[in-house]
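In structure tokens, one chain follows: the form predicted alone.
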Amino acid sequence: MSGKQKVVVLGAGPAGISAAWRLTRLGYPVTVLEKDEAVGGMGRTISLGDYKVDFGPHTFHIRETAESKQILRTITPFFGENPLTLVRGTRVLLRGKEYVYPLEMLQVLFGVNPLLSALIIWDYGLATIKSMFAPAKTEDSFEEWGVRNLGRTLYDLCFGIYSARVWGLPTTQISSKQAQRVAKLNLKNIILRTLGIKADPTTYFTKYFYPRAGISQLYEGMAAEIRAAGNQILLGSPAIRVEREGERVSQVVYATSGGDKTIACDVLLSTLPLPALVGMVSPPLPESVSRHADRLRYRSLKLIYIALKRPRLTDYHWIYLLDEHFRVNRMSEQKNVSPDMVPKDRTILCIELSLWKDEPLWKASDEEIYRLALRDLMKMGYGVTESEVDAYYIAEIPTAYPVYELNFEDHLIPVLDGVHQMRNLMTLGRHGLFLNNSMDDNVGLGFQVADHIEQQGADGRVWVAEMLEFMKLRFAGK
């Protein structure tokens, strides 16, 4: 490895560990710095008593594209014996009834009362006529996008209330770029799918890939190969300062139980949240970069795991809770992803609660958070009682999702341009790009940055230009 540049990777989540693994295979000396005591980041599997769970079941999307198929072929050996191929099992709970998700229009129209069905169709017709004479603006809000594509009634029912709860903002203040998460859900595409017409394979998928022992099996397998090749993964070692000399990063200072240490690098890959990275740079980046970074916000999550004394609660992987009387967002059942992770006579639910980290509820006790989640669970109509609860556990993710406020790109692009003025720095992953993408995207980005370094060299300016084009596609729902 002596002929290759020395690479330091900040973060051992899906993007970081995948980049380190690919670089290791290409012969680069790599050191990964990770603040937690395990690899996988938000995609890892944890043990809670007799239960193994993910931070919400993290399945690997199977898309019908050449790129996706190549990534899947690469990672399959890490999934162990008899990996699971799952058909999407997702529902939404709306007005006390379950609907298939992505929405099947006929089910919705026949599921609600006839007057509401008529109003959905009427509103959609009005929205279609209006959009013919009033094209979309360069930047509009999530609400404007939703009403234009779905009509007011269906948008309010299925996205408006839920989205405001998840993001902690009125949907008039959320960018239409957030619609990349649901871009395939305009009424026309819903109807086409209802009629059995195949959707765009880049945006619509129905199958997942999953290792029986939990998604960490993928990242732990990569980590084992990295270490076997002589490279390092330093757990419990958060980066605290990125030192630069002019336009190049020279070394990284990181914390350990024995005190701060320093590691030199030729190339630095960062998957850290952009505001945190900007704050670590020494000497500091221009003040304008810091000001823009301060405007980028992340939504936090509390994960409430409730174990029940019954073999199974539902047949689904995820259930989205759309009605306004719910405070939590979504429920998932790990056993329906892999039955090998949970005792046969028990099941465990993961209930997600979105928060701002500076609101009082973030600091509430575990007991208070559990009670809130249990109250909502008992409203769902599955007959759950508190006497059935075997145990509960609380986990938290301070920076779970980038928040796309109106015109957020006016702050994001100057930050990306600013940090990549350090020519040997390249950012990637959900946090490193401020991009609400999926696990398969992040693994693919890890492979992509490694191949980029091998084929074109480590030039942050070239890389960020490539990433901005990639992000445009994701913002368009591709």
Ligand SMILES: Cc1cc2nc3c(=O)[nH]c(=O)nc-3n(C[C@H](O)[C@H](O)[C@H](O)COP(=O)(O)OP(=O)(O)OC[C@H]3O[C@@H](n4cnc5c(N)ncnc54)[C@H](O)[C@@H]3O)c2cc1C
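Note that residue numbering begins at 1 and tracks the sequence as displayed. Bear in mind the structure is a predicted one, so any value in this text is a computation, not a measurement.
FYI, the form predicted in complex with the named molecule isn't displayed, but the following is about it.
- Three-residue candidate spot Pro57, Trp318 and Asn442; every residue lies within 4.5 angstroms of the named molecule in the predicted bound form by at least one non-hydrogen atom.
- Heavy atoms of Arg330 reach within 4.5 Å of the named molecule in the predicted bound form, making it an interface residue.
- Among heavy atoms of Ile397, some come within 4.5 Å of the named molecule in the predicted bound form.
- Of the heavy atoms in Asn437, some are within 4.5 Å of the named molecule in the predicted bound form.
- Of the heavy atoms in Tyr392, none are within 4.5 Å of the named molecule in the predicted bound form.
- Partner contacts here mean any heavy atom within 4.5 Å of the named molecule in the predicted bound form, and among 65-73, 424-432, 22-30, 446-454 they occur only in 424-432.
- The partner is absent here, but in the predicted bound form a heavy atom of Pro238, alone among Pro339, Gly168, Pro238, Gly80, sits within 4.5 Å of the named molecule.
- Of the residues Glu409, Asp50, Asp36, Asp417, just one reaches the named molecule in the predicted bound form with a heavy atom at 4.5 Å or closer; this is Asp36.
- In the predicted bound form, the residues of 261-275 lying within 4.5 Å of the named molecule by at least one heavy atom are, in order, Thr271, Leu272.
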